[in-house]
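Read the single chain below, which is given as structure tokens and is the form predicted alone.
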Amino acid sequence: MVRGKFITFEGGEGTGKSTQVRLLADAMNRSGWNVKAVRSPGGTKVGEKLRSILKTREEGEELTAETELLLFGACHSQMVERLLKPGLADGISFISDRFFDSTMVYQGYARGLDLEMLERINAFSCRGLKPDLTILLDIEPELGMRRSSIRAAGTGALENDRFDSETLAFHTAVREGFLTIAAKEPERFRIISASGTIDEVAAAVKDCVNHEFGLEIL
């Protein structure tokens, strides 16, 4: 049995990760792959419950950065053991909207927690599992925030989302954190501009995956 591929998408808010995850999964499945699209936090029933806690503001009780970190760790642990490792071993490929790099960036570079501690917690939670390829969708924070605002207009979702509603300084730190990690791991990361249209970004993503894995994705 050939092990499946594990691809992750990373980037700040408004980069279109969810859309590109879905489009790539659809394209790979059309090309004969067995691919599942997942998200982090989430991925499992337990993970989705943790996602609700992490993403939604609780009136009168804000999560601490440390609580965020430990909840993300719990989500990753459940996802790795119950979904990713057994699925990859069975030849299923996974494309994930975020994974442990987001924890390093959001709780480390943006929230200010100790990076060495974060690395240890990520290693423990993920049991050494690393993506085969990480696609970083990069965008100017101002544009990403505008996109998020337009997407959430009239729904109240932006104000209630604990990450989308953060300040420009926070989102700038997020972008700088992702670019720093990508520079440290050039063998795993590929950076694609997210400032183009959905179709333009999708074409660049397909070219990237085709090149990295020697594929011809439809």
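All residue numbers refer to positions in the sequence shown, first residue = 1. The model shown is predicted, which means the values in this text are computed figures rather than measured ones.
There is another form of the same protein, the form predicted together with a small molecule; it is not shown, and what comes next is about it.
For Arg111, no non-hydrogen atom is located within 4.5 Å of the small molecule in the model of the complex, even though that partner is not displayed. Looking at Leu24, you'd find every heavy atom of it more than 4.5 angstroms from the small molecule in the model of the complex.
Using a 4.5 angstroms threshold between heavy atoms, Lys206 stays clear of the small molecule in the model of the complex. When contacts are judged by a 4.5 Å heavy atom cut-off, Thr19 counts as touching the small molecule in the model of the complex.
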